[in-house]
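Next up: just one chain, as structure tokens, the form predicted alone.
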């Protein structure tokens, strides 16, 4: 389908019409300056004051708590897997969060496929909303290559002045555009305006990292003894908030919940965090990352070294949620640049 134009005044009707077939989740302001993804009745564009939501929209694909199976032990052992899903639309997802979902797609389809995630992903349509300027001071999406987005969505909408230039990426996206909203085919004038706006926005996003993002695995590979980890060990509270708000963290714990008769129960999973004290503890009492500094070192390596090396892309999408939520103001960009500068200073002395 060719690029189309959707009038701003028709977006609420678009959202309302989608509710005939889907549960629609979008961004709404929970309180002054704090936004959440939640079920919505109509679209409300919050771009002028938009900040990344408290939790990313990954929660609708990889829930905070989820039942994996149910079992009975009497009169005989019976186990039933549980895969709960529903047709849903994520409306107004920003590029950083679309990148985050794309990375989770890689994780949950590699090695052992996760049927719970994949079912939800198949039942989910993503309507993206492009960013034309930095959303707040903690954003660094351009620094990690996540400002521009080429896939991972069904349609992408860009405000070109009262009208949304809409790129249709998938057959499912084409179907909902044709069925649920009024549109016109974009002409040459609108296409040129769109391309100019996309070109002009590049000057609004600073590169906050003091090297090319592709160089980061090399810096972190040689940063095991960097003094920054000792400094962070003394500051970090080990609360796990940076993990919980991250669009690309996917660690989880699995546990069984028995009923009072001890004859039936559920196996559940819930989000876990590598910055928590017990994450790397084992039953014999050892803890392979016993200090907060070691746990933060591991977290940064997961974003900029281990997974980046495996998948050839940053596992930080630049949303800035971790920096914003940290109660002791640990800044991801400051930490990355400290590793870079310490590495360079050591080489100069050599």
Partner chain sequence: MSKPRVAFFSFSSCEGCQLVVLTLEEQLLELVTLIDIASFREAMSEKSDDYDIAFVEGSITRTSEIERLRTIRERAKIVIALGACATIGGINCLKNQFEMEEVQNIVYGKMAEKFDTIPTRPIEAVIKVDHWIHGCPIDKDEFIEVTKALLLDKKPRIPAHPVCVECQMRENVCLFEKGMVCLGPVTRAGCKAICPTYNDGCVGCRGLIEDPNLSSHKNLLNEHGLTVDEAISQYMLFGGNSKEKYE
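Positions refer to the first chain, counted from 1. Predicted model only: the values in this text are computed from it and were never measured.
Separately, the form predicted together with the partner chain exists; it is not shown, and the next lines address it.
Q: Identify, from the list 277, 198, 121, 169, the residue with a heavy atom within 4.5 Å of the partner chain in the predicted bound form.
A: That would be 277.
Q: Among 194, 164, 229, 271, which has at least one heavy atom within 4.5 Å of the partner chain in the predicted bound form?
A: Spelling it out, the residue with a heavy atom inside the cut-off is 271.
Q: Test of understanding: in the predicted bound form, would residue 312 fall inside 4.5 Å of the partner chain by heavy atoms?
A: Residue-level check for residue 312: no, no contact with the partner chain.
Q: Would you please decide whether residue 70 lies within 4.5 angstroms of the partner chain in the predicted bound form, comparing each non-hydrogen atom pair?
A: Because no heavy atom of residue 70 falls inside 4.5 Å of the partner chain in the predicted bound form, the answer is no.
Q: Would you classify residue 253 as touching the partner chain in the predicted bound form, given a 4.5 Å non-hydrogen atom cut-off?
A: Heavy-atom contact with the partner chain at 4.5 Å: present for residue 253.
Q: Is residue 236 near the partner chain? Define near as a heavy atom within 4.5 Å, in the predicted bound form.
A: Contact check for residue 236: yes, within 4.5 Å of the partner chain in the predicted bound form.
Q: Which among 237-245, 154-162, 139-147, 213-221 is in contact with the partner chain in the predicted bound form, heavy atoms within 4.5 angstroms?
A: It is the stretch 237-245.
Q: Each of 34, 259 and 262 within 4.5 Å of the partner chain in the predicted bound form, by any heavy atom, yes or no?
A: Yes: 34, 259 and 262 each sit within 4.5 Å of the partner chain in the predicted bound form.
Q: Across 283-302, which residues bring a heavy atom to within 4.5 Å of the partner chain in the predicted bound form?
A: The stretch 283-302, when checked against the partner chain in the predicted bound form, contributes 292, 295 at the 4.5 Å heavy-atom cut-off.
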